[in-house]
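First comes one chain, alone, set out as structure tokens in the form predicted alone.
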């Protein structure tokens, strides 16, 4: 499905790198059919050493003639990039964005022409081809376009799902904040292990093992995490004493507040575009 398709990655950040590596790993795209643009030549040089692709400093050059163009830039820079593409916006080119918060209407109004368009929230685990990518489509996106987008993100994702656009912000912020929370938790647990006398590597391995096993245990049962927690905490035992401190420090509420804060931030991006 992707064979012979010319793909442009506009922006050369971490996700663009992950996507390029996934496409090359899949062998569905020839390196000559993949071009990456960025405003810093040193980043393009670094990118090309990791993935053997064509590079350019000109976003319009990357977009022109592409069958699929993926906008891999920050929401704050998106308006400028779209202004560069507006004069050559092509209804034959599938345009995909991975930026959080910006609605489809923002892109359509900036481009001034109807193009097949997909808002994508890629998996955060593209390097290991795990997790789920969410897609939201505009009215100009056909079944063939969806197949192209699904195949492309399937090179870095275990699953690709389609959802209404009004759900993708929650999907995005909940996923990213969940991942970040686990990283913060792991870092804290590894430090705690060292403080109670474990060597750093042993603490690292033990914390990682327990987090993975706990998640697998939740997935393998119909019980709620709160029920499994009750089973783990023997009355008067050592574990319940630790959980008591977590409850006193409002760990549960802090995690919820973190997700809500990330969601509000996505809403700020959207409200700024509505104002402009």
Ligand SMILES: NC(=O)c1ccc[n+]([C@@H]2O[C@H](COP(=O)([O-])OP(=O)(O)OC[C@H]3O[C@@H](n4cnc5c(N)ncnc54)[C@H](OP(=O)(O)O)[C@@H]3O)[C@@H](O)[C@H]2O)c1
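Positions refer to the first chain, counted from 1. Everything numeric here is computed off the predicted structure, so don't read it as measured data.
One more form of this protein, predicted together with the named molecule, exists but is not displayed; see below.
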(message) Would you classify residue 128 as touching the named molecule in the predicted complex, given a 4.5 Å non-hydrogen atom cut-off?
(response) no
(request) Determine whether any heavy atom of residue 80 comes within 4.5 Å of a heavy atom of the named molecule in the predicted complex, and answer yes or no. (result) yes
(request) May I ask you to state whether residue 100 is within 4.5 Å of the named molecule in the predicted complex, using heavy atom distances? (result) yes
(message) Since only the chain is shown here, I'm wondering whether residue 171 would be in contact with the named molecule in the predicted complex (any heavy atom pair within 4.5 Å).
(response) no
(message) Among the candidate stretches 204 to 212, 35 to 43, 244 to 252, 22 to 30, which one is within 4.5 Å of the named molecule in the predicted complex when only heavy atoms are counted?
(response) 35 to 43
(message) For a quick test of understanding: in the predicted complex, does each of 12, 59 and 75 have a heavy atom within 4.5 Å of the named molecule?
(response) yes
(message) Quick check on this chain: which one of 190, 85, 121, 149 has a heavy atom within 4.5 Å of the named molecule in the predicted complex?
(response) 121
(request) Between 125 to 153 and the named molecule in the predicted complex, list the residues on our side with a heavy atom within 4.5 Å. (result) none
